[in-house]
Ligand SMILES: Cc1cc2nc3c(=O)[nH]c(=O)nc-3n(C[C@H](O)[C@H](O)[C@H](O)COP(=O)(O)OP(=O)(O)OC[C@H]3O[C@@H](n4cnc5c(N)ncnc54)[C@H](O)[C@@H]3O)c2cc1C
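Just one chain follows, in the form predicted on its own, and it is written as structure tokens.
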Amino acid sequence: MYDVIVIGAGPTGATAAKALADSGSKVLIVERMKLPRYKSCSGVLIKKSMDLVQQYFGKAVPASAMCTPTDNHGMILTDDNGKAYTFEQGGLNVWRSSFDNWLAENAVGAGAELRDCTSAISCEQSTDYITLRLHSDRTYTEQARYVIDCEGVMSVIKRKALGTSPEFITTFQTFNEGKIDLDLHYFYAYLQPELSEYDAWFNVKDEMLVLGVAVRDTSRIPHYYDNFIRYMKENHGLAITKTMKQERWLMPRIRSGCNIDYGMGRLFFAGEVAGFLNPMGEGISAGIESGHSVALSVIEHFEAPASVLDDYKKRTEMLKVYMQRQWHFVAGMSKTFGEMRAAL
């Protein structure tokens, strides 16, 4: 019998597991992918993420997790009308595989048990514990007093528990050799509706030019990607000499009001699977903060599941307000996000 089983070894799960293990709880982390596991992501740590890592892990992000250019100077956001706004803020450029693995190693170092290549496929709640059905090379069960699902948008456990399917945004990006007339220390986001159904972006990782678009309709990826490449050539001197790789990923579509699924009974959700996601897909800071919050709620109210839920909501109240304000701000710059004006 574990005290807590954490599903997912990303920033959310690793943060929750470390806080729980630090308190003396018996913790198991299960991760469906082999670690270090890759995630398609800008890999830009904003200042808030860096501060949270320092606060919850007691150390700074190591150089081994970073890529070049190491320092990020902020975001340049282009609105519906093509007007660019610069938001200066110091940050770090990391590879998510290395960064996430470092966080997970810290959780293990605190005493958590970790099993990768292990999928959570169903759970059943009883009065005093949860039985979680897992699959690796075989199918078996583990029991815990609580389960914290931090698996992200593709969570099977949440889908079965709530009987709902989330709305997805599909991201498509390419890694390229070439050149461009932009300051490579910034992350660039473009909100013009002719370039994507969500946003388009450019950043650099280890001298590779990363260009991507996000859509609701995957059949429209070639149309928007070609438009974006053309736009970058005409406006920023993009010249691609070789495309190294391309990839797709999914993230949740956040709707007006920014509704959060906190959980029920002894099952709780944190990070993206709960609905914590800031504009432009910035989910690291929200994941770390919500993962730490739910862990503290479990620690403080271990014998009272209903109190865990109430406390978790209170601890993340300001996080949700922050998220709503961010979406409301972006809605003022792009008709694509117009419905988010009702978020406050």
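Please read these numbers as outputs of a predicted model, since none were measured by experiment. One-based numbering along the sequence shown.
Only in words, not in the display: the form predicted together with the named molecule, which the text now covers.
Open item on the list: Within 4.5 angstroms, counting heavy atoms, which one of the listed stretches 81-89, 220-228, 159-167, 118-126 is next to the named molecule in the predicted complex?
Closed with: That would be 118-126.
Task: Candidate spot G10, L277 and G281, all three touching the named molecule in the predicted complex (heavy atom, 4.5 Å) - done: Affirmative, all three are within 4.5 Å.
TODO: Name the residue from M251, I76, C258, V204 that puts a heavy atom within 4.5 Å of the named molecule in the predicted complex.
DONE: Only one option qualifies, and that one is M251.
Open item on the list: Considering non-hydrogen atoms and a 4.5 Å limit, which listed residue (T68, S307, S40, Q54) is close to the named molecule in the predicted complex?
Closed with: Comparing distances to the named molecule in the predicted complex, the residue within 4.5 Å is S40.
Open item on the list: Taking the named molecule as it sits in the predicted complex, is E31 near enough to touch it, meaning that at least one heavy atom pair lies within 4.5 angstroms?
Closed with: Heavy-atom contact with the named molecule at 4.5 Å: present for E31.
Task: Residue contact check: T171 to the named molecule in the predicted complex, 4.5 Å heavy atom - done: Yes, T171 lies within 4.5 Å of the named molecule in the predicted complex.
Open item on the list: Whether A239 contacts the named molecule in the predicted complex should be assessed with a 4.5 Å heavy atom distance threshold; does it?
Closed with: A239 lies outside the contact set for the named molecule.
Task: 4.5 Å heavy atom contact, I148 to the named molecule in the predicted complex - done: No - in the predicted complex, heavy atoms of I148 and the named molecule never come within 4.5 Å of each other.
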